[in-house]
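Only one chain comes next, encoded as structure tokens, the form predicted alone.
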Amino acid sequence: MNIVVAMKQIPDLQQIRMRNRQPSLDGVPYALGLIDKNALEAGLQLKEQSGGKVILVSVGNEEVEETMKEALAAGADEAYLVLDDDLADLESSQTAVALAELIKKIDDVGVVIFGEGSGDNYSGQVGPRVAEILGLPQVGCASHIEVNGATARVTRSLENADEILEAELPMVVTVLGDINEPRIPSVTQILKAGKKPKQIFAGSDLEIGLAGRAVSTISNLAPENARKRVAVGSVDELISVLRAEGFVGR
């Protein structure tokens, strides 16, 4: 059984700077989203329990191959990647079509794992859309996955309760960010990651027609932060200013 984990490269959120209330991505490197690392760890734990291989799938620009080395170093066995600069800024519906077509190229798929949402826009749509396209059962909000033969038992953590579901394989699961603690690859694993097998495709290899964008971003502005820049010369002055603003009780 192959365990497929879909991963997305996003700008390193720790290095994004704001200019005129807008995010500046100039010079910001790409990285794996945190919840994607949780999805990978869930796949690696399934492999340890049930055997098989963990195969990464991702769609993006030419930098995806380098970004995915971290996931390969963490324990994934191989990767199926679509590298095409024209596919670097897809919206959720388009990404789902591309990933579904990529997954079709993999034999003996048992479980397809996604994070509940990506680290950049967190739409939470791609996993369910892929399940619909492939005609597979899908379980979201997963906090535990267990495979028993031809079925999987998944625990969903809801707001006020846990729900346990069973479904026949193959299936799609979207996992929560607190499902596990992702492992950190060793130096040896990092050095070996570049030698692991990768299947590289161009956008034209998928033989799909991506419709125009259904969603347009009108604006992406940070909240206004009007600082009063009040100078204080002592602790007493600071407390007096905080009281005047209502931050400290009288």
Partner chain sequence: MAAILVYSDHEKLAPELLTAARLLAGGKGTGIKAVAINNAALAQDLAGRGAETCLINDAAILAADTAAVASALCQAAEKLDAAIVLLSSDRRGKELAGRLAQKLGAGSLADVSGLKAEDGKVQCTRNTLGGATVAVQQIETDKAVIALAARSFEAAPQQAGGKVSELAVAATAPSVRLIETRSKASEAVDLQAAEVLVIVGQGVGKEDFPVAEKIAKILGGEIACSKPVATDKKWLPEDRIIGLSGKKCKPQLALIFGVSGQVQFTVGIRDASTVVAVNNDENAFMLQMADYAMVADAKEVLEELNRALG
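Numbering follows the first chain given and starts at 1. Treat the numbers as computed from the prediction; the structure is a model and nothing was measured. Under this definition, the rigid core comprises the largest set of C-alpha atoms superposing within 1.5 Å between the forms.
Only in words, not in the display: the form predicted in complex with the partner chain, which the text now covers.
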Tell me whether Gln15, Arg19 and Ala31, taken together, all sit within 4.5 Å of the partner chain in the predicted complex, counting heavy atoms only. no
Since exactly one of Ile106, Ala167, Leu83, Leu90 fits, which has a heavy atom within 4.5 Å of the partner chain in the predicted complex? Ala167
Do Val139 and the partner chain share at least one heavy atom pair within 4.5 Å in the predicted complex? yes
Given that the partner is absent here, does Ile218 sit within 4.5 Å of the partner chain in the predicted complex, heavy atoms only? yes
Considering only heavy atoms, tell me if Pro223 and the partner chain come within 4.5 Å of each other in the predicted complex. yes
In the predicted complex, is there a heavy atom of the partner chain that lies within 4.5 Å of any heavy atom of Ala73, even though the partner is absent here? no
Can you name the residues of 157-194 that have a non-hydrogen atom within 4.5 angstroms of the partner chain in the predicted complex? Ser157, Leu158, Glu159, Asn160, Ala161, Asp162, Glu163, Ile164, Leu165, Glu166, Ala167, Glu168, Leu176, Asp178
Is_shifted Gln15 between this form and the one not shown (CA, 2 Å cut-off, rigid core): no
At a 2 Å cut-off on C-alpha positions, does Leu25 qualify as shifted between this form and the one not shown after fitting the rigid core? no
